[in-house]
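Presented below, as structure tokens, is a lone chain in the form predicted alone.
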Amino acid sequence: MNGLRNLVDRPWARWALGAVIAIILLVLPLSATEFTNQTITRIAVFAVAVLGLNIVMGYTGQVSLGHIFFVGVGAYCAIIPIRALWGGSIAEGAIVIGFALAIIIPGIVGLIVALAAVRLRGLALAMITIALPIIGVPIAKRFSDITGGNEGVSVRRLDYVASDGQTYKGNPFSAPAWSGLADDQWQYYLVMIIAAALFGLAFFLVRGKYGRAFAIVKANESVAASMGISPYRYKVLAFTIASMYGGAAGFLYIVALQYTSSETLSFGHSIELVIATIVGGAGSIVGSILGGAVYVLVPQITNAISPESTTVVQGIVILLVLFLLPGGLASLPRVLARRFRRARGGHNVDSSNSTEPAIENTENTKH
């Protein structure tokens, strides 16, 4: 077991494992069913959403119970300009504009909220973040001419003028003819490429100087201040970045579904994101991926068996994880290795953790 652990800890082994996973993800959609491609695409969408929540909760230790608000705002900021501009003179540029707005506007909103809210702690901060989706839904319904209200807005059948001068119905996220791909495959690759870039940025963020600062702020704000690290500044930064990731997830949501409505902003979805973050593993990049899988797969499985049992199953899952795996599913290999060594009579159970980076040592302090 120790030999296997030492092998996995080597950089070349990690890169090799990553390359194998990347090859599988690249080849899989070419032979998988449409349902499988759509399911994996949605997992990637919500993995990005959970990653944003992880930056603010898992790595910085702030309470955020309204993260779905930024996902919903990002979805609207993407779909509205795409719906208005696609098929016109700027053609596919509408998608680029939608992507940019889906990141910028939630980031600005997140910054404004953070400047006022992160000075608060505990219940007060939780109430501020809870208010976001609660007020977001009625606002979306109030401006139904733009947002579509409960009925929502779609880009599945938009008018566009072809080269022959005729007007046709089309989908901005349909596969182009030159790609030779089906629509579900094209959307899969588009979401995966963007999600991979976002995860790469987050990886270097949390393992760089900002990640170390986040970890120190999470562990002890007084110590952070004594070291010249402003807790307020870094908490605002983390909240803003998390909001931008939420907005990016909103854009990917539009790529995957080509539809959104006021229901996207509902508070229930926000709690499900928090559950997915805890179950996947707070303060963990891998945990964010697992959290996205939990967010998508648990409702799919329970709905297939008994739609009324979804909430009950989610409650049971989170209780089991909290009791058995406080670090989430991402900590399972480490827990199994520790128990294996203990079962074999090992006494140096935690010595292997002493050389891990500070950001890894503090990833589970919240639990």
Partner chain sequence: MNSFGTFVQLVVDGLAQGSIYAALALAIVLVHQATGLINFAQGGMAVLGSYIGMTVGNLVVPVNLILGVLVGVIVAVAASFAIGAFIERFVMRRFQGGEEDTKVVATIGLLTLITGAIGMIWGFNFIPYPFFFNTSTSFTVAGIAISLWSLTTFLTIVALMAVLQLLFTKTKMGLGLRAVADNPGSSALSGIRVGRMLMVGWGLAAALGTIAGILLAAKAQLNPGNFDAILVYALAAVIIGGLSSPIGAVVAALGIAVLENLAGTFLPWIGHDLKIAVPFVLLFVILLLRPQGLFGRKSVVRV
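Numbering follows the first chain given and starts at 1. Quantities reported herein were computed from a predicted structural model and do not represent experimental measurements.
The same protein has a further form, the form predicted in complex with its partner chain, not shown here; the description that follows concerns it.
The shortest heavy atom separation between Ser89 and its partner chain in the predicted complex exceeds 4.5 Å. Taking the partner from the other structure, its partner chain in the predicted complex has no heavy atom within 4.5 Å of any heavy atom of Leu26.
The closest heavy atom approach of Arg156 to its partner chain in the predicted complex falls outside 4.5 Å. None of the heavy atoms of Gly170 is located within 4.5 Å of its partner chain in the predicted complex.
Using a 4.5 Å cut-off to its partner chain in the predicted complex, not one of Ala44, Ala177 and Ala182 places a heavy atom inside that distance. A heavy atom within 4.5 Å of its partner chain in the predicted complex is found for one listed residue only; from Ala100, Ile146, Leu115, Leu297, this is Leu115.
Between its partner chain and the residues Leu205, Ile275, Ile80, Ala293, the one pair within 4.5 Å by heavy atoms in the predicted complex involves Ile275.
The stretch among 63-71, 46-54, 29-37, 329-337 whose residues place heavy atoms within 4.5 Å of its partner chain in the predicted complex is 63-71.
Along 136-151, these residues reach a heavy atom to within 4.5 Å of its partner chain in the predicted complex: Pro138, Ile139, Arg142, Phe143.
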